[in-house]
Ligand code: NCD
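Here you get one chain, nothing else, as structure tokens; it is the form predicted alone.
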Amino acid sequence: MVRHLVTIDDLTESEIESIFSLTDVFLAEMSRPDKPHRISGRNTLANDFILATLFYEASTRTRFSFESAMHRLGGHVLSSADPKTTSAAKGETIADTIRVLENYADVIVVRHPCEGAVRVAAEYADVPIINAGDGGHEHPTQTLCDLYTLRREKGTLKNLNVMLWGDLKNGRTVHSLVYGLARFGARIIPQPAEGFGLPEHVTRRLLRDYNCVPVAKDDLQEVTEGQFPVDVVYVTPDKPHQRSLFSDVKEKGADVLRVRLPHNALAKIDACYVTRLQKERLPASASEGAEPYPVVDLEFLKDRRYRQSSVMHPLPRVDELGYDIDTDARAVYFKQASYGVPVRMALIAALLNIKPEILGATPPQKKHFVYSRQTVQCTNPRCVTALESEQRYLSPKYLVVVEDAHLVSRCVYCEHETVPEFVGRSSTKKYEPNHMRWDNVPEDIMLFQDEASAIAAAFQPYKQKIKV
């Protein structure tokens, strides 16, 4: 079975660790003596393979690092960096482009402005597809580079305090990163620019899919003695049964706080991950009356909590990261960019099965029931399913997620979540408001955007029998 990398969840934790171990090997064998984070020379592992980069959006680091990685492996590269020079400018669909391009290359790296577009590519490809960023959705290979940099700098990922700074709403690197940090047990400390916090569907997934629980401001005041003004910290319990102690974020008590955050757990910030304002994702009028965008510079880093912080940035930077940090020992963002080559070398070698011991035969199983009936629709205007060209053939699909009080539909492509107003069963042709608790999703479940949709599908309202 062909393996793809569309989201960071397409890899298990052990597979990620194996990719990092192979990255270590490449650095040990091919790094420069004076720059141990930088690869030089090439080997012959990928002599017989061709990589294609298909970029519908601008890129410097991601495209060049992928192409460099393939050349360093001894392979060959086909590159398209301008969508105006491809048949996409003539209206060709993503599926058709991929089905043609897979005849010319053994692995394809895709960047696209529409969220979920790379998932579409993977569905129609019989060669590995790698997501190089799809809109504001995810950027999983950047996450691999970020996690590897953290591990290299700090020796571990578990219990690290990682502050996320800037545009957390639209930054695809952040969305992938928080899932990876949660899976490896790091603490996530969001510090967004005004109005640019983590999207709700991301924070809900942190709790639901990764057991990463928010510790609220009131409790943090007790832990930090009021000296660290943050609104929330996301923490993953060490053991599954401990989640019950996190269930009520307003709960007080020393024992609970000790499980959530041990004393002095936030005394230092291990990494400050800075992101720029994603202007390309914003409407033209968004800058009018906007709050000043926060800046991380040496003045900001004077606080004692940042004395040993690794300052990271996926780059490019604009004004959010001071140039005065460049010569500071805490600045690791150019090293972080350099690690992109050996990390992507390891990923390519794994996906092409050059190193068959890295990846399993099949990807991790989906955790939720897949729903493909056309009774709901994705409400994300940036989803690939909203593109008229892709609607000619694309059938929207959703994962049905069980929450305490209702069912949630998550688009398979962009992973945006909505809560249908009504649910029903095809076996009974009855519907009711989506407010009950479901322990398991029935195979014949029906989701409806609203009551009119249920009636149009010839469903009748469910009426409970009244006991006399």
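Quick caveat: nothing in here was measured; it's all calculated off a predicted structure. When you see a residue number, it is the position in the sequence shown, counting from 1.
What comes next is about the form predicted in complex with the ligand, which does not appear here.
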| query | finding |
| --- | --- |
| Heavy atom of P316 within 4.5 Å of the ligand in the model of the complex | yes |
| Distance check, R111 to the ligand in the model of the complex, heavy atom within 4.5 Å | yes |
| Any non-hydrogen atom of S176 within 4.5 angstroms of the ligand in the model of the complex | no |
| R61: touches the ligand in the model of the complex, heavy atom cutoff 4.5 angstroms | yes |
| 4.5 Å heavy atom contact with the ligand in the model of the complex for all of H139, Q142 and Q278 | yes |
| The single option of R172, R183, R151, R305 touching the ligand in the model of the complex, heavy atom within 4.5 Å | R172 |
| Listed range touching the ligand, judged in the model of the complex by heavy atoms within 4.5 Å, from 196 to 204, 372 to 380, 270 to 278, 121 to 129 | 270 to 278 |
